[in-house]
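Coming up is one lone chain in structure tokens, specifically the form predicted alone.
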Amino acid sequence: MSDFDLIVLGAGPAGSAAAATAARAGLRVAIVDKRAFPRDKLCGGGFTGRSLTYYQEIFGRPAPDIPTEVRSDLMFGAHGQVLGHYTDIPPIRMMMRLELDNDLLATALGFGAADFTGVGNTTLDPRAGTVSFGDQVLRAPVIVGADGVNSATARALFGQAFDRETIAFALEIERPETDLPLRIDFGAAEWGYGWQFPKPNGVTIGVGGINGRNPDMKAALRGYLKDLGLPDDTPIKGQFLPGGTFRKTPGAGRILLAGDAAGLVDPITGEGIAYAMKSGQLAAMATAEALLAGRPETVLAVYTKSLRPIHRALNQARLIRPLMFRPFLREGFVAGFRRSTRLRRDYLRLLAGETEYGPITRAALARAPRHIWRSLRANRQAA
């Protein structure tokens, strides 16, 4: 039996952020992952301005020291139509998750976290506060489950990791082209989007949308590749993606959920790395506060309260999403995006971490009557 103050399950952005924050605070922390690093991960790999800000706060470095593609121009499309190519946008960084996650883990270990990666399957005992693998048993008063969308921690607590009807699903490929533009296409999948993210040594292309509305996601990916003028001859990776279906209570007892395991992914932009890192940081800070007070049983309440701004932002994004994706409102969204400089600017500022959903939601609701009117007029003209 090895005793720690905190055990972190999962060594992705949420887990490494939790381990780094806890170790920097002087806690004895173990980071556990069944996979050995570096390991691959399905993800567009966009590292937004918000992600960079959180990274600097948590890891104390200017930026990850890995190959990075930085673009300041972006092509937008929606529901099969090109909306424009916009230049001089806030910089967006793109990198491979294999390299990013390895860098985050190495930094957390450098701060003093104990490395238990590559250990194979683990067994969690929520009541005892133990994690076991092989002939080893780790014990801590608090455990953070940062083990992704298919979280074994969430299954142990709630019986299932997610709801298959409300969860999103994504397919992705990697191609060798290095001269393709950064591109986002809303509606490439039903209630979802497509992405073309250039990287230093190629490009990541994918589609994702609500699982229950996309019975044939492979067809959506084939259609998107055809629209991009690219062949359909590349191995495909697939993964469920939480998209706004977050857990209002992110854990149970002294076990917390962070990142994808807690459903903290923006349902409009698809951004998950930023909220993963931030939630990991907040989980570790809640642990330190509860342990310092000698009341580890309060950790979930402290953590849940600290997540309120993220939960509020996700709820606001879910409120806006129907204006973009409901079939009878799509044409209004397309027309509004083309006409409204403010709408485009707000979206780009959101990606850059320069604004939040509060002001965007208020502006969207104020524009909703015009949006609906444009949609009705466009639908009548199409008929």
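Note that the structure is a prediction, hence the values are computed from the model and not measured. From 1 onward, residues are counted along the sequence shown.
Beyond the structure shown, there is the form predicted in complex with a small molecule, which is absent from this document and is the topic of what follows.
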query	finding
The small molecule in the model of the complex: contacting segment from 352 to 360, 44 to 52, 336 to 344, 319 to 327, heavy atom within 4.5 Å	44 to 52
The unique member of L221, A170, L307, A154 whose heavy atoms fall within 4.5 Å of the small molecule in the model of the complex	A170
The small molecule contact at R35 in the model of the complex, heavy atom, 4.5 Å	yes
Partner proximity in the model of the complex: G129 to the small molecule, non-hydrogen atom cutoff 4.5 Å	no
Contact of D185 with the small molecule in the model of the complex (heavy atom, 4.5 Å)	no
The small molecule contact in the model of the complex: G148, any heavy atom under 4.5 Å	yes
Joint contact, S72, Q81 and V203 to the small molecule in the model of the complex, by non-hydrogen atom at 4.5 Å	no
